[in-house]
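Consider the single chain below, provided in structure tokens and representing the form predicted on its own.
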Amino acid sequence: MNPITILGLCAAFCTSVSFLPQAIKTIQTKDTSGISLYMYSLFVFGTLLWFLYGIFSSNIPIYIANGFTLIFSLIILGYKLKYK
């Protein structure tokens, strides 16, 4: 594995794991009052596009990072919609 891919995987790990505490807190408290529905919907859509870009361009760090981020952000968005 080349150093650029390793760098990308490290970045993917950091950005993806950063969503975990917010997802856990949202699941535990069901409090989404501080989250903008419009902004978060746009963020989820953008993350989906980055995920697809990573898949279609065979860019492993891009699709791994955005795949995990998409999962966590969908959980938070789901709670935002369910517990308005």
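In this text, residue numbers run from 1 along the sequence as written. All of these numbers come straight from a predicted model, not from anything done at the bench.
There is also a form predicted together with a further copy of the same chain; it is not shown, and the following applies to it.
Peer 1: Gln22, Leu42 and Phe45 - do all three of these have some heavy atom no more than 4.5 Å from a further copy of the same chain in the model of the complex?
Peer 2: Yes, the whole trio is in contact, each within 4.5 Å by some heavy atom.
Peer 1: Look up in the model of the complex whether Gln28 has a non-hydrogen atom within 4.5 angstroms of a further copy of the same chain, and give yes or no.
Peer 2: No, Gln28 sits far enough from a further copy of the same chain in the model of the complex that none of its heavy atoms falls within 4.5 Å.
Peer 1: Going by a heavy atom distance of 4.5 Å, is Gly78 a contact of a further copy of the same chain in the model of the complex?
Peer 2: Contact check for Gly78: no, nothing within 4.5 Å of a further copy of the same chain in the model of the complex.
Peer 1: Heavy atoms within 4.5 Å of a further copy of the same chain in the model of the complex: does Leu74 have any?
Peer 2: Answer no; every heavy atom of Leu74 is more than 4.5 Å from a further copy of the same chain in the model of the complex.
Peer 1: Do Leu70 and a further copy of the same chain share at least one heavy atom pair within 4.5 Å in the model of the complex?
Peer 2: Leu70 lies outside the contact set for a further copy of the same chain.
Peer 1: So which residues in 6 to 22, when you check a further copy of the same chain in the model of the complex, have a heavy atom no farther than 4.5 Å from it?
Peer 2: Read in sequence order, the residues that approach a further copy of the same chain (within 4.5 Å, in the model of the complex) are Leu7, Gly8, Cys10, Ala11, Ala12, Cys14, Thr15, Val17, Ser18, Phe19, Pro21, Gln22.
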